[in-house]
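Shown here is one chain on its own, the form predicted on its own, set out as structure tokens.
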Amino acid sequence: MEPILSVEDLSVSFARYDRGLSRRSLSALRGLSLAVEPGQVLAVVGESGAGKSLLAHAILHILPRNAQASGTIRYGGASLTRERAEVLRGREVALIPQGVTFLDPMMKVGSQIRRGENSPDARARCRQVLERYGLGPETEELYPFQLSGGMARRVLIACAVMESPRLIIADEPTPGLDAKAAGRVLGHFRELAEQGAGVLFITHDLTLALSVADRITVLYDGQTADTVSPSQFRAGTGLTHPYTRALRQAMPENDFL
């Protein structure tokens, strides 16, 4: 089966200027590879600074101007160029960004979720997706500044899944959510995958990753350390990188070794 998303040998570096006009390159991702299959939730875990969010931005071609990327990114078997990514973003490919500042502060929540569409069908789907994340219909009339942090995060997720995308890239979607709300979000990711979508779930919460993912990719220092199933991770089998083994040993059930 053709992966929905495949990333091969992805490297990202940034141009930096020191004193005067001295320029040097700072490597952030190096030779990173992964694939998301239809019907699969792939969790990408790693410590802060490992390159998780950078991976999402590279896939969607929204890196800053001083970034240089190399490698191959394919969506549905075809090269995901910048021009193609611009067409697919917000339609077939949805990003759930890490920061709630992505919401437009001057636009009501309902209009943002519906992307300005006011048809009865769009309004009905908007209410359904809000309800799915525990938000009442009155949320449509609120502005972002009137939302709590957890509500704003759920609104961002609602915006992303409104159009039933084929690929969801969720960049740390659960911080600020209580256990019940986080469970709703992860349950919906699972449902979307069962309907044939692919989910790239970027998180630092290993427990959540193990609870929902079909496969787990561990990043370390901008590189792919290991890709294993949750059962392999729990059992400690197939873990080739010292960081992955240490990460497993540091979990509560392994006595925080």
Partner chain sequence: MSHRLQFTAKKLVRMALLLLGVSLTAFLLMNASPLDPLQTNVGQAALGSMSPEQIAKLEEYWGADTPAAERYLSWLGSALRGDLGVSLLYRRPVLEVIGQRLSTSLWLLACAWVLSGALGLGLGLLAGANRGRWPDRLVRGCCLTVSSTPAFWLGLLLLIVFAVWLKILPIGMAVPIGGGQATLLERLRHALLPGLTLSITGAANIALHTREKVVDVLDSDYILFARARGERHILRRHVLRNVALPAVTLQFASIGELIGGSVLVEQVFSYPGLGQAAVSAGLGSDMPLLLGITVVTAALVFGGSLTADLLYGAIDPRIRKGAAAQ
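Owing to the predicted nature of the structure, the values given are computational and were not obtained by experimental measurement. We call the rigid core whatever largest set of C-alpha positions still superposes within 1.5 Å between the two forms. Residue numbers count along the first chain shown, from 1.
One more form of this protein exists, namely the form predicted together with its partner chain; it is left out here, but the text below deals with it.
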Counting only non-hydrogen atoms, the one stretch of 211-219, 193-201, 60-68, 38-46 within 4.5 angstroms of its partner chain in the predicted bound form is 60-68
State yes or no: in the predicted bound form, is some non-hydrogen atom of residue 122 no more than 4.5 angstroms from a non-hydrogen atom of its partner chain?
no
At 4.5 Å between heavy atoms, is residue 131 in contact with its partner chain in the predicted bound form?
no
Just to confirm, residue 95 within 4.5 Å of its partner chain in the predicted bound form by heavy atoms?
yes
Classify residue 115 as contacting or not contacting its partner chain in the predicted bound form by the rule of any non-hydrogen atom within 4.5 angstroms, answering yes or no.
yes
So which of 177, 186, 73, 159 gets a non-hydrogen atom within 4.5 Å of its partner chain in the predicted bound form?
159
None of 135, 181, 103, 147 but one has a heavy atom within 4.5 Å of its partner chain in the predicted bound form; the exception is 103
Is it true that residue 174 shifts between the shown form and the other one by 2 Å or more at the Cα, once the core is aligned?
no
Superposing on the rigid core, I want to see if residue 93 changes position between the shown form and the other one - specifically a Cα shift of 2 Å or more.
no
